[in-house]
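First, one chain by itself in structure tokens, the form predicted on its own.
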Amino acid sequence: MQKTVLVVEDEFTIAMDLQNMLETHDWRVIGPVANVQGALRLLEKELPSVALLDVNLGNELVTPVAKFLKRHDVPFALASAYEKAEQIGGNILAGAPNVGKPAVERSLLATLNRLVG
């Protein structure tokens, strides 16, 4: 079964880079999507193996998406420049691995693979 990853990223160029990087390594990308509403719509249709979340999506935080993922036992990682993302997005983000922004390919792939087991 192919591994799936929801990508929530509001910066178009970064989202496309992430999608290309992941698809090159045989991940099926759901999205990318740039806002909370769009992410929740996609999650209602399909639960991914894992998610990759930017913390700050323009004028909103990714927190509602993280809460949905936790409720449905979907692991997630952050792709954020914030060193302590929980200080921005709340305790729901505490302990989530952060691959940074921009994400380094090796670190991103290792983190996602570790999360899906």
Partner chain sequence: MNMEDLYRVLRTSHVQAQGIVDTVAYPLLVLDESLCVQAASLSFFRTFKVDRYETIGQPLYELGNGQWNIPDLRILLSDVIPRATAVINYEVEHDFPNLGRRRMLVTARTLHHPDNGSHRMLLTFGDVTERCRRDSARDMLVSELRHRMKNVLAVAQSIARQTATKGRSAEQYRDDFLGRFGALIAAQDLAFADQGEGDLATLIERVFAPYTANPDAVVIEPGAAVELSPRETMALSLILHEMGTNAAKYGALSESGGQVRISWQVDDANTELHLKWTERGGPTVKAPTTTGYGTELIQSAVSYNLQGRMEQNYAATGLESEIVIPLGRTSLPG
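Numbering follows the first chain given and starts at 1. Remember, predicted model here, so these are calculated numbers, not experimental data.
The form predicted in complex with its partner chain exists for this protein as well; it is not shown, and the discussion that follows is about that form.
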- Item | its partner chain contact at Asn20 in the predicted bound form, heavy atom, 4.5 Å | yes
- Message: With a cut-off of 4.5 Å between heavy atoms, is Phe68 one of the residues that contacts its partner chain in the predicted bound form?
- Response: no
- Message: Residue-level question: is Ala15 within 4.5 Å of its partner chain in the predicted bound form, judged on heavy atoms?
- Response: yes
- Query: Any chance Ala103 has a heavy atom within 4.5 Å of its partner chain in the predicted bound form?
  - Reply: yes
- Query: So which residues in 19-42, when you check its partner chain in the predicted bound form, have a heavy atom no farther than 4.5 Å from it?
  - Reply: Asn20, Met21, Pro32, Val33, Ala34, Asn35
